[in-house]
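The form predicted alone is given below as one chain in structure tokens.
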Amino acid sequence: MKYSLYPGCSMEGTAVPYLKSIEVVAEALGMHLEEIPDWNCCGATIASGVVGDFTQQVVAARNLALAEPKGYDVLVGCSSCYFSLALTNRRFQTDDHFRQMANEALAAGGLRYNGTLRVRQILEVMINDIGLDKIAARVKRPLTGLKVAGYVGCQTVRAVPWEFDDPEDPVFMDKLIEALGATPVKFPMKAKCCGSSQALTATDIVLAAGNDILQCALDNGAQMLVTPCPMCQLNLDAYQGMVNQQFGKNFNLPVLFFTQLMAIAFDLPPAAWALKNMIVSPYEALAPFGINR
């Protein structure tokens, strides 16, 4: 199985553990990933507000144009990148006027995109292409007894509603957690927005959302959260101390990328787990499985 990998900007910064774990997990499952050459930022949510939707979508389309000659599905980890690339791809496939205008812009850089690719979120690929049986068979270190809240966030399953999973009550993450031997806890806020990039301009909104999400996970017995979204991971991990200060709480819930948990369960090299990159330490929750600092 071959895919064109779109890493996105976050995986070279705050989400380095995500990229490290994606690469080793993919190899362990027989996936061949080829990074899109000379890829650029997808524009995400901020660019559309500054330069407008058309420019932002052309910026995103440049990546699809670069990937199109290979013909592989485009694999995306970041939920914001998936949102941006998937919507742009859909416009190329359904809007003739947009496709013509966007290709006029891409032509300035010697590129053209014909809308022939599929843009896919890595969580969806894990379930539909790899399959839960193959994932479960690869587990070498069953995470039996570990209670995990699968936090999908708001963009992953709502970028293209019903493209995969239920946009209001997603279940893919819970099924994957079960395949690793762990126990997914009941988590009504699994698709609640974390506040996204508002952390920079409206911090109180992000802290309030984080307080609600972390409290919900804790109330349902979670020992950690896992997510496919770099922004969700950053807001709940890096801002957890500020949430504690703002709301008088004492949260100490580790927030990992789901591929880190897969790398652990697969017993892949610890360097790829990248646990030392996490701000809230996961070692106490993982100690029963022989994982220590």
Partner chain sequence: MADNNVSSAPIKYDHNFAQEFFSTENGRLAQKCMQCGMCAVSCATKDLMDHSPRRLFNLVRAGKKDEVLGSNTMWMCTSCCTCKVRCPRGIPLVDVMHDLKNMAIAQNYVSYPQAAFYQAFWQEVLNRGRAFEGGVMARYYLKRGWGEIKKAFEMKDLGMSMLKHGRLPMVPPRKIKGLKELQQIIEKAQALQRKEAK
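Positions refer to the first chain, counted from 1. Because the structure is predicted, anything quoted here is derived from the model rather than measured.
This next part talks about the form predicted together with its partner chain, which is not shown.
Contact here is defined as any heavy atom lying within 4.5 Å of its partner chain in the predicted bound form, and by that definition each of F54, R91 and A159 is a contact residue. Judged by heavy atoms within 4.5 Å of its partner chain in the predicted bound form, the contact stretch among the candidates 264 to 272, 25 to 33, 220 to 228, 237 to 245 is 237 to 245. Taking the partner from the other structure, its partner chain in the predicted bound form has a heavy atom within 4.5 Å of a heavy atom of M101. Contact check for L253: every heavy atom lies farther than 4.5 Å from its partner chain in the predicted bound form. Although the partner is absent from this view, S10 contacts its partner chain in the predicted bound form, with a non-hydrogen atom inside 4.5 angstroms. Although the partner is absent here, L200 sits close enough that one of its heavy atoms falls within 4.5 Å of its partner chain in the predicted bound form. Between the options C154, C216, I130, V139, the residue in contact with its partner chain in the predicted bound form by a heavy atom within 4.5 angstroms is C154.
The contact with its partner chain in the predicted bound form, taken as any heavy atom within 4.5 Å, belongs to G109 out of G109, G145, P188, G71. In sequence order, F83, L87, R91, H97, M101 are the residues of 83 to 103 having a heavy atom within 4.5 Å of its partner chain in the predicted bound form; the partner itself is omitted from this view.
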